[in-house]
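Take a look at this single chain, the form predicted alone, given in structure tokens.
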């Protein structure tokens, strides 16, 4: 009976492990399935199209060209290789500018006739309508748009997923914003964290350490939204006043806040690594005439270097994945960052801010999953580096 109970408990433990692994794999599969399905899609909304006269030589446009046409930055077809005709835009929101209610009909039953006639008679006309709204005539053709490729998604300079008629989805500003904020966060946090860990491990007496260590570990348990409020109330106004900025929500505010949030991780892991230095090595160094500081610099820190590196990488992982606090203090401007004192937007903040407004299963929704895939890959690389550092540490 006892043997049966032991086997039964063993099966339960194994089953829990397999179920957990299966759930994780299922989540990863779902994440990448949604993210990858977004690629090679048209930037136009489903069932919508751009229509021109069949005599127009332009057959294909990029998403940026469509945006510039409807933003009136491109006003003549000859700017993109077409005839010398002014571009006349028409969409469902501009019908009143071109037709009377009598022409359209009480239930818009003459919409297709009016729009096709407009395209036939107005040189340079371009119409943006749904396939369900418009039945095109033989003299009207649909312009194809360049598909969203992986290269364009990663290197695009603009992020306007809700732009009409074509979405612009370039993640480079978001990626650079994430890396900039994370890099300076770890740059601020690492010296402070390393100094604090050396103090706790080698200088502070045991009574002080027992007081400080739980307090530092407690900081890692504070919800990120509390850090966000602190940043919004203290850091943002301070930076706005010091640098005389119109707004204090900047990359610098995000870096400082993330540095504060990464400190507990860096201090805890580094202090544990420093304390693993064998007592015999320290005593041998002191016996040879080295001072305490020389022993720390020449013996203890080199011995704990792999652990300290792992602490730094874990801090980077904490900074890269942070969402709410960064969303509150960085200004959320999806632009290429040129300095630390301008607003930026990070990938986690973008997902948190836009997921609620993206239509389920739509292009915008899938693009956010693709962003999550990028974040997953960055975090995976960070964790693999930590594993590698930990393996080196065990070997040494």
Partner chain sequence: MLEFPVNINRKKKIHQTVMFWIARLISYIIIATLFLILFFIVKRGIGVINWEFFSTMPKEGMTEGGIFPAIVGTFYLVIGSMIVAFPIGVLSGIYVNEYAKDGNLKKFIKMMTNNLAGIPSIVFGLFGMSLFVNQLNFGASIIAGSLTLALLALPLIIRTTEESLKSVDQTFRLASYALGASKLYTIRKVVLPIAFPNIITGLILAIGRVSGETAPILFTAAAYFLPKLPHSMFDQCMALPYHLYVISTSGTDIESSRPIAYGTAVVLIAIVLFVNLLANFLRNYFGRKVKMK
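Residue numbers count along the first chain shown, from 1. All values reported here derive from a predicted model rather than from experimental measurement. If you superpose the two forms and keep the largest set of C-alpha atoms that fall within 1.5 Å, you have the rigid core.
Quick note: we don't show the form predicted together with its partner chain, though the next part is all about it.
Using a 4.5 angstroms heavy atom cutoff to its partner chain in the model of the complex, all of 196, 223 and 355 count as contacting. The chain is drawn here without its partner chain; in the model of the complex, the stretch among 79 to 87, 282 to 290, 143 to 151, 176 to 184 whose residues come within 4.5 Å of it by any heavy atom is 282 to 290. Contact check for residue 218: a non-hydrogen atom falls within 4.5 Å of its partner chain in the model of the complex. Its partner chain is not shown here, and in the model of the complex it never comes within 4.5 Å of any heavy atom of residue 265. The closest heavy atom approach of residue 369 to its partner chain in the model of the complex falls within 4.5 Å. Residue 137 falls outside the set of residues with a heavy atom inside 4.5 Å of its partner chain in the model of the complex.
Among 52, 44, 328, 61, the residue placing a heavy atom within 4.5 Å of its partner chain in the model of the complex is 328.
Residue-level contacts in the model of the complex: of 303, 99, 110, 229, one residue has a heavy atom within 4.5 Å of its partner chain, and it is 229. Residues from 7 to 33 that approach its partner chain in the model of the complex with a non-hydrogen atom closer than or equal to 4.5 Å are 9, 10, 12, 13, 14, 16, 17, 18, 19, 20, 21, 23, 24, 26, 27, 30, 31, 33, in the order they occur in the chain.
Once the rigid core is overlaid between this form and the one not shown, residue 20 counts among the residues whose Cα shifts by 2 Å or more. Relative to the superposed core, residue 9 shifts its CA atom by 2 Å or more between this form and the one not shown.
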